[in-house]
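This document starts with two versions of one protein chain, written out as structure tokens and named structure 1 and structure 2.
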Structure 1
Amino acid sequence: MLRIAVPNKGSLSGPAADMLHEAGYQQRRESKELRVVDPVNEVELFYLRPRDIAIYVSSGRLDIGLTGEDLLVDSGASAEVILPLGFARSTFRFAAKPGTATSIADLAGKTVATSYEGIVAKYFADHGIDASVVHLDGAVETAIELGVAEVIADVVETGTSLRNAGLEVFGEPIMKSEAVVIRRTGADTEDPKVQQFLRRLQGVLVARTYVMMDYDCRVEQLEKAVALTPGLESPTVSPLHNEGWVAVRAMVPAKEAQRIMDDLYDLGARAILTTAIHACRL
């Protein structure tokens, strides 16, 4: 059985559970469940704190884990990203009250509050910055108002939390992050059980990003039509009963589907349909 670490709480847990569900894995029935054995799919899911997942995976006791890239870096654990998952995208940034700092040079001698002490300490070491760090568990935006620190380093998605606290970012983003699948550094990536798991998740990513498009067009327009819908490898072209017409089928990016339908229509294509892809193996 493949032993997988899954986030039990926080921003990652809902989208991670959705993705595993779409990939066909069994769900936990209630949020207090710590472990789910799924014999049909030969996986064992361990529901753990997102912050601890890289540590479990680096120990080799669990084969793979779903976590945030920033949490992986922060832990310092010996694990590596094997598949980015495209959700929980964020940046990690310094912020302060306007007028406090404009660049990282202004950090010298200041106190920085963060829940990601590992990332911040490494950044200070790499950039030769002499500043102190105070570790807080969350809601770090409030630390400045309450005088615990002059600067914070925190996850920023929309920037709403910073704005609400009257803070603004400064300096370059410290890092970008998204949800990822991780493995112990140096572990055997050819393991067929791991490969199968990754194929399933990749299938979910593709099913979410692409739709299937079908249309009929005249043979004379086929080359132009196919240029608009090249598919992932190559479109399927089948003859129609009406001579001079063909049916074309290709996957297209969901975001571009409406524009492509307009362009195909203008080319003379008709009966243009899109359908959702529920699952796939490329």
Structure 2
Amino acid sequence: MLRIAVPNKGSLSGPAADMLHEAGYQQRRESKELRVVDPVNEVELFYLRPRDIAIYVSSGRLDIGLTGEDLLVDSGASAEVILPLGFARSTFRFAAKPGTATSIADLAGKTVATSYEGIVAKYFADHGIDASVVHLDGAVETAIELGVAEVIADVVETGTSLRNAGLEVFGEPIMKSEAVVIRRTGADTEDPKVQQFLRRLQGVLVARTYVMMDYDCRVEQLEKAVALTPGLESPTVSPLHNEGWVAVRAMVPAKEAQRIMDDLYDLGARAILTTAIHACRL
């Protein structure tokens, strides 16, 4: 069986479980379950702390894992990203009291507090910055107020909590992260079971990104209509009973569906429908 590490809690847990469910994999019934065997799909799911997943995967004890790219980098584990998943996006930034620093070069000789010591240490090493890193578990904004550090490095979304603490971000982002599928560095990514798992998740990602659009249009407007809905390879076009009309079906980006429907209507298309896609293979 393919052995898969899944986040057991936190912001990654719910979206990861939803994606696996949409991909057809059995899920745990209770949050206390740490292992689920899915004999139909030949997978074994292990529910682990998100921070530990990269370690388990890099050891080779588990075949693949779903975790955050930030947690992978922070762990320093010998594993690599094989598929980005597009959720749990975050940005890591430096922040300090106004006037403390304006660029990365200003961090030389300073102390930085963070919950992601591995990420920050790697960033300093890559940029040749000689600074100290202090590891704290959460609420790092307080570190500056208490004199533990002059600068913090943390996930920044709106920046409201930083402003409330009298801090401001500076410099370029340390890194941008999202949920990813990881595999041990050097492991065979062409393994048929791994490829099947990736195809299923890719199918979920595509299904979430596209909708199926159906509409009727006059033959003389077909080329203009098809230009709006080219589909992936080509749209499906079928003649209708009424002469001079055809039915068209194509996948279109979900974000653009309403605009495309408006444009088709202006061309004279009618009976324009969109349908959610639950699964697909490209």
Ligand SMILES: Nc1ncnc2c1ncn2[C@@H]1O[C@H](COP(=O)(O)OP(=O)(O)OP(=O)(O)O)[C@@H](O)[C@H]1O
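For residue numbers, the reference is structure 1: its sequence is counted from 1. If you superpose the two forms and keep the largest set of C-alpha atoms that fall within 1.5 Å, you have the rigid core. These numbers come from a predicted model, not from an experiment.
Colleague: Just to confirm, one of these is the form predicted alone and one is not; which one is it?
Modeller: Structure 2, which is the form predicted alone, differs in this respect from structure 1.
Colleague: Spell out whether the Cα of residue 165 moves at least 2 Å between structure 1 and structure 2 when the two forms are superposed on their rigid core.
Modeller: The answer is yes, as the C-alpha of residue 165 shifts between structure 1 and structure 2 by 2 Å or more after core alignment.
Colleague: Please report, in Å, how much the Cα atom of residue 100 moves between structure 1 and structure 2 when the rigid core is superposed.
Modeller: Residue 100 is displaced by 2.3 Å at its C-alpha.
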